[in-house]
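What follows is a single chain, given as structure tokens, in the form predicted on its own.
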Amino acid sequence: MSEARYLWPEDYMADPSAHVFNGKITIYPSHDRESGIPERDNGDHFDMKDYHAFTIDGDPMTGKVTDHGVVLDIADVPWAGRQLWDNDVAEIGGRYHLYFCAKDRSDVFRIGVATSDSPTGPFKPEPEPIPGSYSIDPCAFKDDDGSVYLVFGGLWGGQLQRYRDNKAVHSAEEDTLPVDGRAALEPQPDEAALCPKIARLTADGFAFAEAPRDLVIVDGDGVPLRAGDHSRRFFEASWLHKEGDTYVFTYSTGDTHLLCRATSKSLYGPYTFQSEILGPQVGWTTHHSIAFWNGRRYLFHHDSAPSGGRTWLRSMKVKEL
């Protein structure tokens, strides 16, 4: 891979979701800030309050980067309490739908949607989160037929371990972090790992058209990855794209700080683990997206080097894959 380019050294932006809209790469990061909250495994110190949108004129490695300012503020989201974490955007019916996660007033993560006539916002949020939504890190994937799907989920602070079959079966009081290197409610190391979730959206993009199902990742023998396989199992940071007739799912392993790649000929999987695509970076989290420009593939991600390694102050960057 090429050397990375930091895209916006003026401020701390992380978790960049990149798409080509109207002939430009548009990036939707989360916005880190000094919250004054001590660092914890559950991510309380990531207390972000707004989103910006950025565009790049031309080549991602050399083009001018423009900050289009705040496109959504948590103060304008009626149901949200705190922590605007990762987001993503899809064009649906000529409008742009921003899917974002935030904790509601009871401190449970939900996924909301906000819309705009422009890919650079501002975005107007719906009064309630998507019914039946939970956890974090929504990735909005549009398939060749125009159908849009959300892929989501994240362990530990992302609360995925509290859910089974789309129902919250454990409470926050049970969810003590960590226990022997894993979340208290994760499966045992020799059991199947928790999976990211995938669900088709309704035609208008405001609700699930089906119950979220597991996006299962398997090894080369077709066996689902185990919860103790921390170098390959899913932790957070879903990204789904398509290359020809192959669906490519990339994700973070979390506590082992890797980005990994799995593929399938079927949208719903199972996805076969293929390889690691990025090793550990400075800072705890690894979160990314992949976009194409002039036939080349680019990895957008972040690290904490510009802030001196403080994991809650991250800077987005790009490199060619």
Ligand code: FUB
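None of these values were measured; they are calculated from a predicted model. Each residue number is its position in the shown sequence, starting from 1.
Just so it is clear, the following notes concern the form predicted together with the ligand, a form of the same protein that is not shown.
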Candidate stretches 212-220, 161-169, 70-78, 130-138 - the one whose heavy atoms come within 4.5 Å of the ligand in the predicted bound form:
130-138
Does any heavy atom of Asp86 come within 4.5 Å of a heavy atom of the ligand in the predicted bound form?
yes
Is there a heavy atom of Leu201 no more than 4.5 Å from a heavy atom of the ligand in the predicted bound form?
no
Answer yes if any heavy atom of Ser289 is within 4.5 Å of a heavy atom of the ligand in the predicted bound form; otherwise answer no.
no
Going by a heavy atom distance of 4.5 Å, is Met48 a contact of the ligand in the predicted bound form?
yes
Non-hydrogen atom within 4.5 angstroms of the ligand in the predicted bound form for each of Ser30, Ala237 and Arg314:
yes
Note: exactly one of Thr272, Thr285, Thr253, Thr26 sits with a heavy atom within 4.5 Å of the ligand in the predicted bound form, namely Thr285
